[in-house]
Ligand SMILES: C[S@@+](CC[C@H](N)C(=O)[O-])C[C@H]1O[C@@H](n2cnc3c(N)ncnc32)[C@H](O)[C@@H]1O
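So this first bit is one chain, no partners, the form predicted on its own, shown in structure tokens.
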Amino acid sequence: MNYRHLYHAGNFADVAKHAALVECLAALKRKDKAFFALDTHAGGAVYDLRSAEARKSGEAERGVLRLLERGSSEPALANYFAAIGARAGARLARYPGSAALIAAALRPQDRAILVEAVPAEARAAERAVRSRGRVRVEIADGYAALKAQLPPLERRGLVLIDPPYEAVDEWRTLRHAFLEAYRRWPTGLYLIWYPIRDVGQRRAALTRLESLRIPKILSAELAIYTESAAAGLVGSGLAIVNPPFGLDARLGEIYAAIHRHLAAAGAGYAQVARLTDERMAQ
């Protein structure tokens, strides 16, 4: 695997994904009952934005750091900024990834399993979250973890599936693993991240998600570039299965704010919409 998230930490796709994750975790915490969280591709948990890798890519500069500079007073982004430890007027030095955000959100009654296939990244995650709540880091295949860990004893919680999409057959592998997980735990809250590089890829992703024939899927997408201007990602999306009540409107506000501050004039879009209905027709 060649993918190293340190180059991309804090980019616009991270901002969108993690802002949604923060809202889903907050929704789970509205009830005192314990919840379980599974991160299938956890990465290293915390990333140094001062590193040579982060400076070389400049993605954090065009992402979270620009958002802090321009949108620190946005009410819609307050929960996200608090979760990443950002303060108005201060430069963010370290960026917490999904594993760190999940670990920090846990209460004494909650627990999480963070799965990472790359040993060095898993060890970094373990160091970063060692003292935070009931957290276990596993060096394993994230898709296999879906079968091994679900359904959880708590019977409520969330699963983040966020692969790097390096493998040619990633969608096929993801589809098979997710459908098996959903069969075992149909009431779980699932977040499935996907990249958007062009209109064709976006259309294909949405078609694949609709073909799952699963009710209650929310699509949340953010794009900040035009296809002609972007060498890599134009945008990114999240398919959210069993979204918490009110998440549609909340993410609509959040994604609109991110787009407003990060996108060039006239470029991209923010779209949050139901992909499938509450019930699927037989």
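Being a predicted model, the structure only gives us computed values, none of them experimental. Position 1 is the first residue in the sequence shown; the rest follow in order.
Keep in mind that the form predicted together with this ligand is not shown, yet the notes after this line are about it.
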Among the candidate residues G71, P164, P186, G85, which is the single one with a non-hydrogen atom no more than 4.5 Å from this ligand in the predicted complex? P164
Just to be sure I understand the contacts: of P243, G63, G43, G237, which is the one whose heavy atoms reach within 4.5 angstroms of this ligand in the predicted complex? G43
Counting only heavy atoms and a 4.5 Å cutoff, which of 149 to 157, 71 to 79, 112 to 120, 204 to 212 contacts this ligand in the predicted complex? 112 to 120
Contact of D141 with this ligand in the predicted complex (heavy atom, 4.5 Å): yes
Heavy atoms within 4.5 Å of this ligand in the predicted complex: does E23 have any? no
Could you tell me if H18 has a non-hydrogen atom within 4.5 Å of this ligand in the predicted complex? yes
In the predicted complex, do D14, Y47 and G97 all reach within 4.5 Å of this ligand through at least one heavy atom apiece? yes
